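Only one chain is included here, represented as structure tokens and corresponding to the form predicted on its own.
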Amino acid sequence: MTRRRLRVICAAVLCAIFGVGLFASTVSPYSYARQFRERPNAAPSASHLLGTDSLGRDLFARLVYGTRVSLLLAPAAALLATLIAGVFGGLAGLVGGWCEKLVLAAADLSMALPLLFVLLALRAVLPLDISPILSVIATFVLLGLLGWPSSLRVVWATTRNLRNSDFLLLARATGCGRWRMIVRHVFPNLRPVLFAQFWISIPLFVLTEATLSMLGLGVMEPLPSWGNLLRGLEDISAVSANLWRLAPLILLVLVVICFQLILPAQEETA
């Protein structure tokens, strides 16, 4: 199988999973919070494709809605982080001087702190009994606000190489204003780099959210995400009785692998 064909297959798989998450209410016959109290820990059947959890909630419905939360909101966090990296990295690379030193010092300080531990500390400061919707917003806003340093370094290096390029020197010589130069000349050359950094950030944020939710500090119940669905794997006896409980883990691994296999194409573009 050629590399190109493999990337096409991975892209098709990701599109299918995105589509299922986007139309979760149509794909799933039940709500993620509906309980079938008479059927806790039920085995897979025609009415419950993946069985039910200990509270009698349909696992297929929770997996589909969890896909919407984890896979559709991670790009939002990646977009926020990429925008921050693009603005400050581009500014530092283009202006130079004290601005460059200040921005790079902030990035180095942020990179010196382990992202997961900082997220745990900041998330732990927030109340644990906040509503599920607020927990989603808080989780991904924190991811976006803290996940920019590594992308900023790449954007800064690219912009710095552009700073003394011939076409920018020509633009300055013809009296082109700074903002016009940024919009017309700098940004178009940064788009491939920004897109690559955005693409790299998505699986990172998916995995980080899953880790936080597994620890009970991410998306809060009853709203499902891949992370809090993975907490159900702590019950070994339930997993042994119903191996379909591993579906969130399998889906998470599959999505991350697909992103990584598509990634080389983005790097070549950048």
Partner chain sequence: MRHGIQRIGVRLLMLVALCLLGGLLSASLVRFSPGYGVDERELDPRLSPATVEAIRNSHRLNSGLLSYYGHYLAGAVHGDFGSSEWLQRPISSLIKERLPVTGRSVLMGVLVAWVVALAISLATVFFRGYLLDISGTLVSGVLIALPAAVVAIFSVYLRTPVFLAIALVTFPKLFRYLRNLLAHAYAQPYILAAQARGIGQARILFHHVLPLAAPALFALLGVSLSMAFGAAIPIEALCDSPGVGQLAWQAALNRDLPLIMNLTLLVTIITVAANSFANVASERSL
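Quick caveat, the model's predicted, so the values are computed rather than measured. Positions refer to the first chain, counted from 1.
Below, we turn to the form predicted together with the partner chain, even though it does not appear here.
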item: Stretch in contact in the predicted complex with the partner chain, which is absent here, among 163 to 171, 78 to 86, 181 to 189, 113 to 121 (heavy atoms within 4.5 Å); value: 113 to 121
item: In the predicted complex, the residue from L134, L72, C99, L126 that sits within 4.5 Å of the partner chain by heavy atoms; value: L126
item: Single option in A42, L49, L230, V27 placed near the partner chain in the predicted complex, where near means a heavy atom within 4.5 Å; value: L230
item: Contact flag, T211 vs the partner chain in the predicted complex, heavy atom cut 4.5 Å; value: yes
item: Contact test in the predicted complex: L217 vs the partner chain, heavy atoms, 4.5 Å; value: yes
item: Distance check, V141 to the partner chain in the predicted complex, heavy atom within 4.5 Å; value: no
item: Contact flag, I9 vs the partner chain in the predicted complex, heavy atom cut 4.5 Å; value: no
